[in-house]
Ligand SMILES: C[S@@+](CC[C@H](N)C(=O)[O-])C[C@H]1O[C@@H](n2cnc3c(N)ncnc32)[C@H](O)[C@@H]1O
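Below, in structure tokens: the form predicted alone, a single chain.
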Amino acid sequence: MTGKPKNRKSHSLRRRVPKRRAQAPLREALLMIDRLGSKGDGVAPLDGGEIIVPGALPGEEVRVSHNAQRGRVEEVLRASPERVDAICVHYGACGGCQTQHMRAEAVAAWRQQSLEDVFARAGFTDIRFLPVLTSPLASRRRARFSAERVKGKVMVGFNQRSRHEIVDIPDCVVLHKDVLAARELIASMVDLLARPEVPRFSALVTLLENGLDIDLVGREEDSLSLAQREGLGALLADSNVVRLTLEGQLFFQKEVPLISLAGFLVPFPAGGFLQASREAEMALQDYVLENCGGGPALDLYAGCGTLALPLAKTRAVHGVEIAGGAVDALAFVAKHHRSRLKQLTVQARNLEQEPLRPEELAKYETIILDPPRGGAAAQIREIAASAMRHVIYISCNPKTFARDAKVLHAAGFVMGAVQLVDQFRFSAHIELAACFNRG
């Protein structure tokens, strides 16, 4: 963020926790779970329709209490052989994980089936899937905590599933220990800064090479009193935090925040994008290296260089990115590590409003895209209209990926093997990578 949002007071007040509406009385039912939905919930027939039952598995008979849309498992009368005991004491209350009650093999099969269903609706069949790559426990290096001061006590954790209440999590099986340890500091900061009218905060914590990067959302810097500023400074002085931003605005920086990408130390911009685990980052890099030709490559939505940097060691790469901080970070590496790179150039450009045209694409052998959740519809249309033959597409949203893949397919591209990367362990989120080639 380079400037303050307009009407900052309203911006913060929108974070008030909404009042809970009166709940309709629950009913009880015995259900047979038919299948898993897209978020890993059991789905069962009921009263001529379907009902979602979190924590239930296909083939199970369960007794539930329910409303018209959702059921809560009260008792599993007949368990699936795929059921296992959850490994986290917070599972079921915390909304961060959805699949701890499933065997790992069942999770992988469900993920693949979910994608096959999405692809089938877009007209793709007989897709070849590579084995799912799953991040290990305690490897998540980035997380957004929710925090709130209630009756003099600060809770730091994640929201309950489909609710606004926070579950305090002194322990977590998926977070890196240094990210989890940031809870205590966040609690102290929220205790210092919370106001009765806005008691709730969120904190994005990113583990970097030289410490933690935290963006605290809930109080803007210009609203702090002198005592609060001094209190924050004292809390940060003895911490491993290298940078603290408040609502995206820099408040504290001990040294240049650094992230390691493909062996390069890269200045990490505030609010910059980073894969959730290093293992996922390396899996995506390996996939791109294995499927990218040896000629010049174009990395679109390049970020800080997760994919551009390993490629640029052996071929010319041009990175395109809209975020100014990421462009500066990638340009820094291109300038200061020139001897370790074949060739790396970088450009700031909004690909949604100004996608690269076919004549601009013609100089590259391979295009790599890693767009945000909305996909890359405008750029994909230009690629389809070009003479390009090789595309590698990385996505965190199967639906927009399938939409864009359909455009490529209509232009003569054939989808190759698809790699699923389970970097958000035990959640419904998935990262995927696929290559497209045409003669």
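Don't overthink the numbering: it's just position in the shown sequence, from 1. As the structure is a prediction and not an experimental result, all values here were calculated from the model.
Only in words, not in the display: the form predicted in complex with this ligand, which the text now covers.
**Q** Looking at Leu265, Ile127, Leu204, Ile322 here, can you tell me which has any non-hydrogen atom within 4.5 angstroms of this ligand in the model of the complex?
**A** Checking each option against this ligand in the model of the complex, the one that comes within 4.5 Å is Ile322.
**Q** In the model of the complex, which of the listed residues (Glu352, Asp191, Asp328, Glu279) lies with a heavy atom within 4.5 Å of this ligand?
**A** Checking each option against this ligand in the model of the complex, the one that comes within 4.5 Å is Glu352.
**Q** Given that the partner is absent here, state which listed stretch (68 to 76, 179 to 187, 364 to 372, 219 to 227) has heavy atoms within 4.5 Å of this ligand in the model of the complex.
**A** Going through the listed ranges, the match is 364 to 372.
**Q** Would this ligand in the model of the complex be within 4.5 angstroms of a non-hydrogen atom of every residue among Thr99, Val107 and Thr134?
**A** No, the whole trio is out of contact, none within 4.5 Å by any heavy atom.
**Q** Check Gly303 for me: does it contact this ligand in the model of the complex (non-hydrogen atoms, 4.5 angstroms)?
**A** Yes, Gly303 is a contact residue.
**Q** Answer yes if any heavy atom of Leu307 is within 4.5 Å of a heavy atom of this ligand in the model of the complex; otherwise answer no.
**A** Contact with this ligand, yes.
**Q** If we define contact as a non-hydrogen atom of the residue within 4.5 angstroms of the partner, is Gln275 a contact of this ligand in the model of the complex?
**A** Because a heavy atom of Gln275 falls inside 4.5 Å of this ligand in the model of the complex, the answer is yes.
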